[in-house]
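Only one chain is shown below, in structure tokens, and it's the form predicted on its own.
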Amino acid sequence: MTSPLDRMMDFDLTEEQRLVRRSVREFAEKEILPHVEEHERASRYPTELIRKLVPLGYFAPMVPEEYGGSFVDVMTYGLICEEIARVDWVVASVISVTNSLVVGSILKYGTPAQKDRWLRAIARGELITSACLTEPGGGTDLGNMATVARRADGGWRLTGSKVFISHAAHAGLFFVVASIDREQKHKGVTAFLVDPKATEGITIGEFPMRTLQRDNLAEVHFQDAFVPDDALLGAPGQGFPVLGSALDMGRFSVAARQIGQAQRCVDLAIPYALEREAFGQRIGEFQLIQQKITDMICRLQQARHVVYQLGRMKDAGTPRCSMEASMAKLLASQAAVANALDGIQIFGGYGLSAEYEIGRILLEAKAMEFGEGTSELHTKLIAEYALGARKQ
């Protein structure tokens, strides 16, 4: 790597981390990128591309080797998410949901039997996972969820609905949160590991979107769905700490993916500015276009610095990095959206044509400005942590 942009991206990584970045980027550009637009137009879920992740160790990088995974440090995991998302948000989402939300929760709160059953199957690539968190009445207020879990003989019965659920129709494991006592708010939240293929009372329906067609986003309905006691993850009423820990890592991986999107916008805009001509010269020679390029690079590097710092804090053993996770998610999502907008402006009308991917990136980046907590939520959280109104 020789360009200044590559130098800024890699200067403080280890040689092994640089190798991972190069390897993942080569794989993503060769095996994934050529199919993304086709899959989006056909609303085709990228099952065959996801399978290719498994033998390379990219599917389960946070599963320990004792369970058959390719366990890496958090920083390296972030690089994998970043480079895959640079070409395809959906394939990167599979990695992120599985490792940050599901694997991380099982490792920290799961029983030995749950770890043995689920982690080994994930490491072998035998199942995709899905996180059933967001509800029709609101995704940000997870302490006020309407999905309930009622005690039953030998287990629990779940009733409620979840929306905007990625990978649901293709998943072999659901990470579900429900309330055992809605009056207790967050103290009633309880986490479950649910096998959707072996559980009656679960209905998965399409959730039409204007973007991310290849993700097959779904709504999931639980109607008196029985799950056994061994599906409980952690203790009853103790799901909020499970969720909090999962969301810290989830926000890290989402932020890393948004860095990938912001980087892709730069990668697309610079060559176009060098080849497109107007008024007898390349548009990259106009000061206003140069200003946009500069803004794109600076906001990308600003966000990348915060995201990488969060990854290193996790690797250093910092138990909770909730404020830093909110900062990373906020800055990275803003960078991805702003870079896509500037990129489209550089492309002009072509930015919205089906021939160029920059327009698709804008819609996907904007969609994920809401995912893992809205910008408004993270703005509030950062201020509350800084002012001492909220504890880590």
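Remember, it's a predicted structure, so these values are computed and weren't measured experimentally. Numbers for residues come from their place in the sequence shown, where the first is 1.
The following text describes the form predicted in complex with a small molecule, which does not appear among the structures shown.
The stretch in contact with the small molecule in the predicted complex, judged by heavy atoms within 4.5 Å, is 163-171, chosen from 163-171, 70-78, 145-153, 274-282. Using a 4.5 Å cutoff between non-hydrogen atoms, G237 does not count as a contact of the small molecule in the predicted complex. Using a 4.5 angstroms limit between non-hydrogen atoms, L133 touches the small molecule in the predicted complex. Although the partner is absent from this view, R22 stays clear of the small molecule in the predicted complex, with no non-hydrogen atom inside 4.5 angstroms.
The small molecule is not drawn, but in the predicted complex it has a heavy atom within 4.5 Å of L212. Residues F27, S353 and R360 are none of them found to lie within 4.5 Å of the small molecule in the predicted complex, as judged by heavy atom distances. This chain lacks the partner; the member of W89, F222, W118, F192 within 4.5 angstroms of the small molecule in the predicted complex by a non-hydrogen atom is W89. None of G205, G138, G244, P228 but one reaches within 4.5 angstroms of the small molecule in the predicted complex through a heavy atom, and that residue is G138.
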